[in-house]
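Have a look below at one chain only, the form predicted alone, in structure tokens format.
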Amino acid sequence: MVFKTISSDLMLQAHQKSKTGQLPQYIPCLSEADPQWLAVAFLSIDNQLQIKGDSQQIFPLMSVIKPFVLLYLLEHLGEKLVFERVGNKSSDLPFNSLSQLEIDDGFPRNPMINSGAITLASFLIGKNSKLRAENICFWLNQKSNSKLFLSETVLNSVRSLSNPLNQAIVEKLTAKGVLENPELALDTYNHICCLSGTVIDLVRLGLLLVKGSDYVLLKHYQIVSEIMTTSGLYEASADFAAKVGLPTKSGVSGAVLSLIPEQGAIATYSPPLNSQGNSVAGLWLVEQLNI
């Protein structure tokens, strides 16, 4: 594939596509985002950067952090221990589905859905949630040359409203003996979802998964990439994989990260979401740029 130029016409079309989406309402700061914000970045394996749109706009990664939590724990705990705690199978149900966890008898199906991510968050290193988030943030910034930071503003917004589904998931995981400290696990999960940056920071993170690092095992990158392909867009993953074929992860902030094996990474940001919680314009742009 030769990566297409991000044209002004393509951006205009993406803006139009975004109008069919909706802002999420269960996190106040996300519901207050400007639906017109749109940014896209491509970073090649030889570090050539192409950007368009609101590239300096800061946003929380939300669920886009999940592949990197998996990578971090594969490095620090090892493959065997990680997959004793979570599975690697795809799910046809929403990312915050309690039903999926009940179907699986309390065993998180994969690291990309909330039950799996909360479980893995419980194994992050640090004596409290803030230190755990800061530790993984430092590690990722060091490995990718990004400038992620923990947004206290977003964290306060997340905490301002209860999340009954996540709470029910935590209670189920605790009842099954998966979580020893449920409050710390959930609070850690909330913290890491509030790690924030620009589309440039996000595409640099993506290049880490494509290009690798001398200090991270190649096998671990491959595992993360495979799970992004099968589970990164939740119930939309299989269709997107068949149609586009790129490992991709989304977040309810409107962030999307796609990997182009051996070539580079694409990062997009557009807040309006479809019914599955994925950025409408973001997924459309990735598809167009991959043609």
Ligand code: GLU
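All residue numbers are counted from 1 along the displayed sequence. The model shown is predicted, which means the values in this text are computed figures rather than measured ones.
Same protein, other form: the form predicted together with glutamic acid (GLU), not shown, and the subject of what follows.
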Out of 160-168, 128-136, 100-108, 173-181, where are the residues with a heavy atom within 4.5 Å of glutamic acid (GLU) in the model of the complex? 160-168
Select from the listed residues 69, 224, 260, 252 the one whose heavy atoms reach within 4.5 Å of glutamic acid (GLU) in the model of the complex. 252
Glutamic acid (GLU) contact in the model of the complex: residue 114, any heavy atom under 4.5 Å: yes
Contact of residue 195 with glutamic acid (GLU) in the model of the complex (heavy atom, 4.5 Å): no
So, in the model of the complex, is residue 42 in contact with glutamic acid (GLU) at a 4.5 angstroms heavy atom limit? no
With a 4.5 Å heavy atom cut-off, would you call residue 248 a contact of glutamic acid (GLU) in the model of the complex? no
Whether 59, 149 and 188 jointly form a contact site for glutamic acid (GLU) in the model of the complex is the question; each needs a heavy atom within 4.5 Å. no
Within 4.5 Å of glutamic acid (GLU) in the model of the complex, which residues of 79-95 have a heavy atom? Give them in sequence order, or say none. 95
